[in-house]
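We've got the same protein chain twice here, in two forms, each standing alone as structure tokens: structure 1 and structure 2.
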Structure 1
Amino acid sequence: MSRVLVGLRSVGVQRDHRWLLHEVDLTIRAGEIVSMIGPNGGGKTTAVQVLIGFLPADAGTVERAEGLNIGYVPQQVHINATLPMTVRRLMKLTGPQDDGKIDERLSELGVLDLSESPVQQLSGGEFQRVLFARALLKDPDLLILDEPSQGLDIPGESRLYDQIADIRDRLDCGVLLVCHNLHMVMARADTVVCLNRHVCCAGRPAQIASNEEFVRLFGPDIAKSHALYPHHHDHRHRLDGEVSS
């Protein structure tokens, strides 16, 4: 198995005597796309904040590979209007960057023509892509995207997932996707983690869809439609459940 980039081990986060996260285990390895789903208020963003070191864990341990280079695309960033910031300057936020490389990343995400625009003038979707381009600049070992498909239409979303898969292949990085579109998640992720304050289920998409708690959370209809979503197996089951080749 490839190397572990980050891991949460029985992590708990407490706020006002209430557990936002309780006994959460999560592992992300190099080259793996992990999708995190779950209801609103289920602690997805909290888990991400623990992973990036923004929030301390009140219980459990957080493992991080030494010298781990994280590219993080937050769900939203509000940049105060008083802060002059062009797209190009934003690309150099956490350190100097080569202008040619910046242009390359911006053009990959289709926002090269915005490179000299003030970030405050971008639309939500444009800004999201700029932040994505920025996160890729440092060739991260781990890419964390919090709700990257916000404000995208279905074809746009599909393209985004293709891009994420390409990037994973090119950089051999781990990817953590926080996501609410079950359809996409079930079709594209290697591993799905469903978080509702605790990890209610985790595994391959097909395994998840038949999980009892998952069905309870998302309703039998959704679960059924995803269980039927086409996916590939490298084996078949006989009627008695035995694996046949």
Structure 2
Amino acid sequence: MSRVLVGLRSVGVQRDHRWLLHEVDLTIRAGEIVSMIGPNGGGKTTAVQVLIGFLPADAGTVERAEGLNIGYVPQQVHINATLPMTVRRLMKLTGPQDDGKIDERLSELGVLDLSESPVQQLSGGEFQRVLFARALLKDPDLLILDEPSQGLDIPGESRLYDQIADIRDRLDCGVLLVCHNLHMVMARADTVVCLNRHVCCAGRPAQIASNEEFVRLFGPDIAKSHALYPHHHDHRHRLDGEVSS
């Protein structure tokens, strides 16, 4: 099996005597795409913040591989409308970056022609792609994407998820997707984790669609329709192009 990049072990986060997360277990391995789903207020953002170290756990443990390099695309980034900021400057905001690599990553996401554009003039979908390109600058071991397809139309969303799979194969990185589009989750993920303050269910997409907790959260009609999208991904693509079980 691939090496473990990050794991939550019986993790809990408490605020005002109320558990935002309770007894949560989650493992992400190299080369694996994990999708986290669940209702609003179910703790998905809190779990991500614990994973990347923004928020300490009040219970349990967080395990990270030594030297783990994380690329993170948050759901929302607010930039002051009066702040002069081009796309290229945004890419260099946290430190010096090679212009050639910046161009390579922007090109990979189809937004190289926007490199000198003010970020305030970008559409929602364009801005998401720029943030995605920025997260790839350091060739992360773990890529965390919180609603990465917001602002994209259906064809654009499909292309983005194809790119995510290609990047996973090229870098052999782990990917955590926080996503509300259940069709995409069922079609593209290796593992699905359904979170509602605790882990309601977790496993392969085909298994999740018939799980009682999944049906209870999303309703029998949704569960029935998404059971039509099982994803049997029982192999991995190595960087040399060979397929291994």
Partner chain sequence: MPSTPTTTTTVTDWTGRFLPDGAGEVMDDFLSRALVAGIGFSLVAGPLGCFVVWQRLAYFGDTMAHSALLGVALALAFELNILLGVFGVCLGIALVLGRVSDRSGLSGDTTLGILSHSTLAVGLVLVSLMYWVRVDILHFLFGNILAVTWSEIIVLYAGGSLVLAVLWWKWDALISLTVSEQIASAENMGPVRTRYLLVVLLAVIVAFAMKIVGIILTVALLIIPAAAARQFSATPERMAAGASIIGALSVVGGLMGSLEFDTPPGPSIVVNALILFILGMIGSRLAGRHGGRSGRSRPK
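The term rigid core refers to the maximal set of C-alpha atoms that superpose within 1.5 Å between the two forms. Predicted model only: the values in this text are computed from it and were never measured. Here, a residue number simply tells you its place in the sequence of structure 1, counted from 1.
Structure 2 is taken from the form predicted alone, while structure 1 is not. Once both forms are fitted on their rigid core, the CA atom of residue 84 lies 2 Å or more apart between the two structures. Residue 100 is not among the residues whose C-alpha shifts by 2 Å or more between the two structures once the rigid core is aligned; its shift stays under 2 Å.
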